Each structure stands twice: as structure tokens, then as C-alpha cells.
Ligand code: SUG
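Next comes just one chain, in C-alpha cells: the form predicted alone.
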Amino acid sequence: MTLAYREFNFDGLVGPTHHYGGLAEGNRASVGHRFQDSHPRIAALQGLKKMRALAGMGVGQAILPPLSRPRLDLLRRAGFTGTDQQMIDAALLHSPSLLSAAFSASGMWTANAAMFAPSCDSRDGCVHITPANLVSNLHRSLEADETADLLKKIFPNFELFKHHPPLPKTVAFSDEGAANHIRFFGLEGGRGMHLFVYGREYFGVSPVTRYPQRQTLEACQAVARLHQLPEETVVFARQSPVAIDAGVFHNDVISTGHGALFLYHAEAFADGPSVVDRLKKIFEETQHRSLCAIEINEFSLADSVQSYFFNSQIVTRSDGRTVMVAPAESEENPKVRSVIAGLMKGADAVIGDVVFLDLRESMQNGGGPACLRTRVVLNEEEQRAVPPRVFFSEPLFDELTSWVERYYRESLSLSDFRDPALLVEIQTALDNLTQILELGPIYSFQK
């Protein structure tokens, strides 16, 4: 029996400690809003509305709960002593950025959480899952083991789902997850083709850049091997150093793809024409059709970073129409808006419709629509193995909206972390969330 496959967007639910720490060097929006007041309640509601919009189109939609924060063990390991309150007070005074890292809600950007390979792609017919080690940034490196445990809870059948540990936590295997990966396919449920993008080679020569080159070729190659992807379906491409220094810290800020469509900026790759030629050749050989690769050169790298055009989600609606889900910033940028209009124009239009969403709280922290989700392709049997309450529904939307409005603060600043009531609020909220999602105890404070 052939099982039907469906792509799901697993969105990260924004956590109650959402704030602007400016911790990600090279992410201009993040650094530019450092220590400004954030609005956790609005951020979480914006994320839920995005999920609702996607689900309303008939797109597969599911939810990943936030990681538990703060990680006060980080402060203790860094030499702070005393009670929790004493450590927080001392860290705020002596190392506010370290305190911000301990409270970071960056796990909301689940494009970085892990890499998935669907069972229709892997040689052994299993779904493969590798959590990203995220060693490039302190606050994100804390997530790897927690994410691994969470994903085992969400994908619990170990005969269907093969869980690999994060790659060795060293700069040689610096891994940023699916934000540097695109899966193309000609037929839903057929074997896909994979583009892995890296910034540097640990065992080779890499150009010098102002901002970090977060992903290594060695990490990309390791994940492709672990996930048992046939060599003839994989392409590795180096990100342009010029793009990195323009603030393109991940590939999903400068190129995107869905199905047989590939949109990329003219300056996305170090050797763009060669990369595109390889993708076209391998796509035709493996998918038996042509890849629609469209180079965008009508706006600059700066426009790409400001608008997050390439961080839009491209999805197929239930009626077969291709839709671009873009941030409001793309509509507000005249050059970018013109390009989107062109993609929707004429008989050869590659985009059928566009939906602009307000995600400013995430955008100001450096993450757009695609950052908030990771794609997971599942067949019917695999879907049944996932806890059912994590799949989006209108009743769940209503319940989570009420939950956010009850527990999340309207605004949050770094000094608010000193409030003892905040820790109680967070644990009460997350404990209630696990009951809503019927996941049982998943947080350390629950065990």
C-alpha cells in the first residue's frame, strides 16, 4: 500500500521570555534592537495568527512548544553564586548579555531547530532527524540537547523516526539546521533533491568575512550521510561572502524554494551560475522535469535583509494554487513589492497569490515567516504517530490564544528579569501548555 505524503510546517510557539538581547552577531535586526522593550504577548499572538492563516489555506500546520527559560545553570557555570535571585541580580549588573542568553526565547525560530529527511528520500525508508548544535552562538547552543529531547517526544516511534544526536559541538561541525537547506521535489511523495548551503570549510580554505560564517561544509556533509540521502540527490553550495557581510546570516534570508520553484538573489552564492546549473541538471535527472530557477537582481542585498523577501514561505494551497506568505516589510519596500507583483503576472506566473503578515516582533529580533517554522514531510502512518494535539485546529487556536493572553506579559525589558514573579509565571504557563497539548511532562521543572 502506498501512503500519501504531506508537508507540515511545525511552527515554534513564541516563549514568554521573548526579548531583544541583540545576541546574534551578523543579524542586523537583532543587534539593532538590542535591549529595547519587547512585547511577548503580541509576538506569540502574531505567530499563532500566522499558523492560522496557513492552516486556513489547507497547508499542513503543527506546533512545537517553547523551550523552558531561563537557563540559570548557565549563570552558575559562569561563576555566579547564591540564590537564583542573587545570580540574576549580579548578572544584570556585571554581564547583561549573559543574562539575556540565559533568558533567550530564540528556540521560537524552529527553522534552526533541526534537519529532517522524509522517509521517501532516505535509503532506509525512515524519517531522519538531527537537532542542530547551533555552536555559533552561546544562547542558541544551549538549545541542542533540549530540542533533541523535545523532538523525541513529538516524534516518539523510533521505528519510524531515527533520531540522531546533534553533531559534535565544535566549530568544525557548526550546524544551523534547516535554515541552510532547501528540499526540492517534482512529485509530492516522490524522492526529493536537497540543496545544502554553507559559509566555510573547516578542513579547507575559506574567505575572510566581517560576520561569522555559521554553517560548515563538514556539517552539511555529515547530515546528508546520517540521513542516508543518495549522493545523486544532493548539492552543496557555498554562500557568498559578500552576502554574509550584508547581514545574510542564513541561506533562508537570500534564497527559497518549494517544489520545482527556486527563487534566489543574484549575489546569494559564491559561484551562482555553477550552483544553479548543477541544481537544474540534478533536478531534471532525478525528478524528470525542469526546475524553475528565477534569479532576482531587481533589489539589493540590503533590500533582501530589510524586507526578508526570501524568508517568505512558499506553500501549495489545498486547491493547488501556489501562495507566498511574506512579511509586511516586503509589501512596504517598493522594489520588493514590484518583484512580487512580477512573479504573479501573466500566464507564466509562478506565484498565484501573496499574503502579507504582520510579524514585527519576530522581525525586529531577526526572524521572518520561514524562520518560525521547520518543514516536516510525513506519510499517513508517520502522522498518526505524532501526538494529535500538536496539529493545528481552530479549537486549539482559541485555547492557545486564551493561554497567551492569560500568562504572557505585555512588555518585557532586561530589568524585568529581576522580578521573582516572572519565574513563577513562566513555569505556570508552560505547565499549563503541556496539558493543553497533552504531551505530559517535558520540562525539567515538571520532573
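Note that the structure is a prediction, hence the values are computed from the model and not measured. Sequential numbering from 1, following the sequence displayed.
Another form, the form predicted together with this ligand, is not on view; read the next lines as being about it.
Answer with yes or no whether Leu23 is in contact with this ligand in the predicted bound form, where contact means some heavy atom within 4.5 Å. Yes, Leu23 is a contact residue.
I'd like to check something about Trp109: if you look in the predicted bound form, is any of its heavy atoms closer than or equal to 4.5 Å to a heavy atom of this ligand? Trp109: yes, in contact with this ligand in the predicted bound form.
Whether Asn311 contacts this ligand in the predicted bound form should be assessed with a 4.5 Å heavy atom distance threshold; does it? Close contact exists here: in the predicted bound form, Asn311 approaches this ligand to within 4.5 Å, heavy atoms only.
Against this ligand in the predicted bound form, would Val253 count as a contact residue? Criterion: heavy atoms within 4.5 Å. Answer yes; at least one heavy atom of Val253 falls within 4.5 Å of this ligand in the predicted bound form.
Find the only residue in Gly366, Pro131, Pro327, Pro118 having a heavy atom within 4.5 Å of this ligand in the predicted bound form. Comparing distances to this ligand in the predicted bound form, the residue within 4.5 Å is Gly366.
Heavy atom within 4.5 Å of this ligand in the predicted bound form - the one residue of His265, Arg140, His181, His227 that qualifies: After the contact test, the surviving option is Arg140.
Assess the spot marked by His19, Asn27 and Phe249: is this ligand within 4.5 Å of a heavy atom from every one of these residues in the predicted bound form? The answer is yes; His19, Asn27 and Phe249 each reach this ligand.
Tell me the stretch among 367-375, 197-205, 159-167, 335-343 that has any heavy atom within 4.5 angstroms of this ligand in the predicted bound form. Looking at the other structure, the answer is 367-375.
Going by heavy atoms, what in 201-226 lies within 4.5 angstroms of this ligand in the predicted bound form? Read in sequence order, the lone residue that approaches this ligand (within 4.5 Å, in the predicted bound form) is Arg214.
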